[in-house]
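The chain below stands alone and is given in structure tokens; this is the form predicted alone.
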Amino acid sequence: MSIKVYINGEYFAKEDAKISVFDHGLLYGDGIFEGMRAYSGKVFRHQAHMDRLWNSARAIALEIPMTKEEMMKAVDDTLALNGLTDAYIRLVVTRGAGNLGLNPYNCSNPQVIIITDKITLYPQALYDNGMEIVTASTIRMPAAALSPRIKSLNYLNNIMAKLEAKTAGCEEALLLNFKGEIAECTGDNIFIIKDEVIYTPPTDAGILEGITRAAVIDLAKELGYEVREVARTRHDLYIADECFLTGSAAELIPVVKIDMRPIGDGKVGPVTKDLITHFRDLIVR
């Protein structure tokens, strides 16, 4: 069965889902998106994703042509139409079609697109045994230039770092901010564990405020772990006991090597294993 894609209240077969080539989302990356997961037919942290989408829209003065409640229903309906209970959801809002040129006020009819499908971001072996990452020479876009808290369609900063990862034979790359502090990976937030204390970069380090990141922070605190949102450097990562990444698509995945150096003993650590186990319980609550 062909996947049906939602565009502005209508459904189209995957091969027929189209928007204008004059849409500023295509021409200039002028738009926003959310990546979400559904488990057992329920969208994980659905309201939190809607709140972040609306915050991104307000930050770029983009008017979403529906309410949060209407958007949530459209997501649920698209999942149901495609017969999906466990799925990845890509929700996109573009500025809409306009004239050539940057002026967003020349655009009309913002496009709301909902894609629901299966996703396997990384091989299962990496979840079982941990992954290797490298530090990218590409630095994270400074917040003063473009706030990473806006989940925009312009992901070229991340893509440049992803190219470095793939060239090095890795799936992921770590981006540092302009101060040399750890920011995040190309599509995931990062956590470091030292002496059973969990560290993750603060929002002012130049990170996206990940929904899964927030869920894992809450989960870790529930389990009795100390969590500190403080600036860290590569030195802290090199001497860490454990490391893992979080993201809606990636979920929670261990990291066992950085820049060809083993993290801890080079194996998935006990704190990470504990969090993975309880995260699996969390997503089906």
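Everything numeric in this text was worked out from a predicted model, so none of it was measured. A residue's number is simply how far along the shown sequence it sits, counting from 1.
Omitted here: the form predicted together with a small molecule. The next part is about that form.
K.L.:
Taking 4.5 angstroms as the cut-off for heavy atoms, does K162 touch the small molecule in the predicted complex?
P.N.:
Heavy-atom contact with the small molecule at 4.5 Å: absent for K162.
K.L.:
State yes or no: in the predicted complex, is some non-hydrogen atom of R95 no more than 4.5 angstroms from a non-hydrogen atom of the small molecule?
P.N.:
Result no; R95 lies far from the small molecule in the predicted complex.
K.L.:
Though only this chain appears here, would N158 touch the small molecule in the predicted complex if you measure heavy atom gaps against 4.5 Å?
P.N.:
N158: contacts the small molecule in the predicted complex.
K.L.:
Under a 4.5 Å heavy atom criterion, is C170 part of the interface with the small molecule in the predicted complex?
P.N.:
Judged by the heavy-atom cut-off of 4.5 Å, C170 is well away from the small molecule in the predicted complex.
K.L.:
Among the candidate stretches 236-244, 23-31, 63-71, 46-54, which one is within 4.5 Å of the small molecule in the predicted complex when only heavy atoms are counted?
P.N.:
Of the stretches listed, the one contacting the partner is 46-54.
K.L.:
Which one, C107, I211, A143, V112, lies within 4.5 Å of the small molecule in the predicted complex by heavy atoms?
P.N.:
Going through each option in turn, the one that passes is I211.
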